[in-house]
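First comes one chain, alone, set out as structure tokens in the form predicted alone.
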């Protein structure tokens, strides 16, 4: 079967001055992930590669470019999940790690646990030789300026999400053997409380992958996504026979009605059906299907990149 990868760069009110860089970033990540699939790599390798590309791009709030918490610190969350075995690894509130998605994969493959947090996650990273980076290397001048501008204002997490902060990155893929995988990574929400963990590293909320139903990576207001276990909710609709697009729309509508939360999701089924859906103002996303690169930013937008040339095996 044909391999498919879908990526997102976060669902939020992306300002015009950041729109081109956001779209360029997700397109580059989709190309990176698809090149892994085209060379015969598996879905797990593909989603890790795509998310690493966005963690390395300071346009996105993951790894480099991460948001600052109330104390001006970087705390990072990530998850990765293999739909073939349901193996999963996650990290939360880690510091000085450029690619938390790869640390999450190490938790999955090198420990008996699913999630490590804060000091314990950093101790594990050190034990396996993961190189740490200075905090300043993960913080852009833009983020530092925005944090300084707003740090004296008392605002809630929802207000920060709706007005100032940018969000999560993620990827889902199905490989040529029909195995699916997901990965999600984030720096959280600007001015969050120290130690706050959102949906991104939580199985069934920020992401889920199961070969019997599909793979999902979520983005948006983390507290809302946690309350409705958005990723698993989407897949439950797919298990009832809904398409990827229908399932995403129904689950996001439910989240809006039930807890007044906004967000987005990318989804792929084991057969290669996919969707990128959101209820925020914008979401940067890209997908490669049958060696065609699709992308979008605004609601109901689906554009083809005619310059894309797939990588040969």
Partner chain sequence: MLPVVVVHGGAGHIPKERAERSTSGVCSAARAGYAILRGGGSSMDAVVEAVALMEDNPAFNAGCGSVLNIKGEVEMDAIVMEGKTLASGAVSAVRNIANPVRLARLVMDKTSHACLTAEGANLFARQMGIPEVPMESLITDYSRMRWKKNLEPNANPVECQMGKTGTVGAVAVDAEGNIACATSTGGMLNKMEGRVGDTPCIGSGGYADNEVGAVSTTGHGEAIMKVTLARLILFHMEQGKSAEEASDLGLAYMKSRVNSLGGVVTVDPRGCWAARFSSRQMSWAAAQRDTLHHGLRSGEHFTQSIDDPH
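Because the structure is a prediction, the values reported are computed rather than measured. Residue numbers count along the first chain shown, from 1.
The following text describes the form predicted in complex with the partner chain, which does not appear among the structures shown.
Chemist: For the interface check, one of 167-175, 97-105, 136-144, 114-122 should have non-hydrogen atoms within 4.5 Å of the partner chain in the predicted bound form; which one?
Modeler: Contact criterion met by 114-122 only.
Chemist: Check for me whether the partner chain, as it appears in the predicted bound form, comes within 4.5 angstroms of all of 81, 229 and 240 - heavy atoms only.
Modeler: Yes, the whole candidate spot contacts the partner chain.
Chemist: Given that the partner is absent here, does residue 196 sit within 4.5 Å of the partner chain in the predicted bound form, heavy atoms only?
Modeler: Contact check for residue 196: yes, within 4.5 Å of the partner chain in the predicted bound form.
Chemist: May I ask you to check whether residue 258 falls inside a 4.5 Å heavy atom distance of the partner chain in the predicted bound form?
Modeler: Judged by the heavy-atom cut-off of 4.5 Å, residue 258 is in contact with the partner chain in the predicted bound form.
Chemist: Give a yes or no for residue 130: in the predicted bound form, does one of its heavy atoms lie within 4.5 Å of a heavy atom belonging to the partner chain?
Modeler: No, no contact at 4.5 Å.
Chemist: For residue 202, is any heavy atom within 4.5 Å of the partner chain in the predicted bound form, or not?
Modeler: It does: once the partner chain is placed as it appears in the predicted bound form, residue 202 has a heavy atom within 4.5 Å of it.
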